[in-house]
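Coming up is one lone chain in structure tokens, specifically the form predicted on its own.
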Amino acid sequence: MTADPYAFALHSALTVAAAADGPAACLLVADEHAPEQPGAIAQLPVLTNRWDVARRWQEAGGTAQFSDFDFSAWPPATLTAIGYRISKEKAVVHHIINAALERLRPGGVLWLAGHKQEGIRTYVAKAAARAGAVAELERLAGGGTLAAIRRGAALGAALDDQHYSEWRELAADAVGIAQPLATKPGIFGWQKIDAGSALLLQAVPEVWPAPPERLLDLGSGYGLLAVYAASRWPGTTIVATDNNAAAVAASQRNLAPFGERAGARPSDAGAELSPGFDALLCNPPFHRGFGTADALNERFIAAAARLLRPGGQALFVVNAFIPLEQRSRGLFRRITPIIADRSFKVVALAR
């Protein structure tokens, strides 16, 4: 059902709760750790910030809400069980623990799962303090923990989620973008200009001395690459896509000043898009959750080959040790290293 053993233990516990109280009284909160094939667990409603997870749930006949972990569809104190396999970013975890405990009835259970090196014990202790309860712990193989935290009659102080739902402004003039960019917790690298993306932008003028007609930012994050392209080429149509709900919302906000010629939409590595782009920019994810994402990188490369028109070019930036050139062979007629530093390399791939 899933490659993550801690998520598997969580799903099993939540399925038992759903059998006792009914699926509508339960909720699974999921990011990358949702099962690839939902199967029987699709009976559980899922709240996810991942477009691919929402689509899998719906295709399996389940109920899925795709959002930036917006719990407003569930009134306070109405659910009996919520399950969550902890995420990588502390602000996200704190936001979900706060909101989940508010949605549970007194006596309802919040199930948390994760590995000790991910901070699961600390998160369990914090959640128990907010719930006014003592957590019941089950040790899992390999250093994992599954915890049941029963909500008390009154909740304690909320965990610090860094004002998760609030937008911030990030200056991007160092990479030639005049407008400040909207960003927030829950987006990769939300507090900074990513060094890999900055290196990629240095290569853009060399690869495209003339403006392309249609450009795709594949895996846009908060939209840095797409906004740069929209600012540089006033006549170019820009499409930005990401699998993460917060990233899509940020890209939409940041591309709004450019009108109808630039926009963002959710997509699973471009799977929903039609071919025909002249240019493609991509800083693919190196990590997926707490692990590396080699297979995901290969999906982005294959997506670029499918989505570019004949003669079109993609510009990828990856960690210096990733064998992008080797993985691109057979998909592109020309593979050209453009620029590199100690950490990253930029490679042009031509159809």
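On a predicted model such as this, the values are computed, not experimentally measured, just so you know. Residue indices: 1-based, along the sequence shown.
As for the form predicted in complex with a small molecule, it is not shown, yet the points below apply to it.
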query: Residue (of Asp268, Glu89, Asp278, Glu136) lying close to the small molecule in the predicted complex, criterion heavy atoms within 4.5 Å; finding: Asp268
query: Proximity to the small molecule in the predicted complex, single hit among Leu225, Ile149, Ile97, Ile238 (heavy atom within 4.5 Å); finding: Leu225
query: Gly221, heavy atom within 4.5 angstroms of the small molecule in the predicted complex; finding: yes
query: 4.5 angstroms heavy atom contact with the small molecule in the predicted complex for Trp74; finding: no
query: 4.5 angstroms heavy atom contact with the small molecule in the predicted complex for Phe188; finding: yes
query: Partner proximity in the predicted complex: Pro284 to the small molecule, non-hydrogen atom cutoff 4.5 Å; finding: yes
query: Stretch in contact, per heavy atom within 4.5 angstroms of the small molecule in the predicted complex, of 268 to 276, 254 to 262, 110 to 118, 126 to 134; finding: 268 to 276
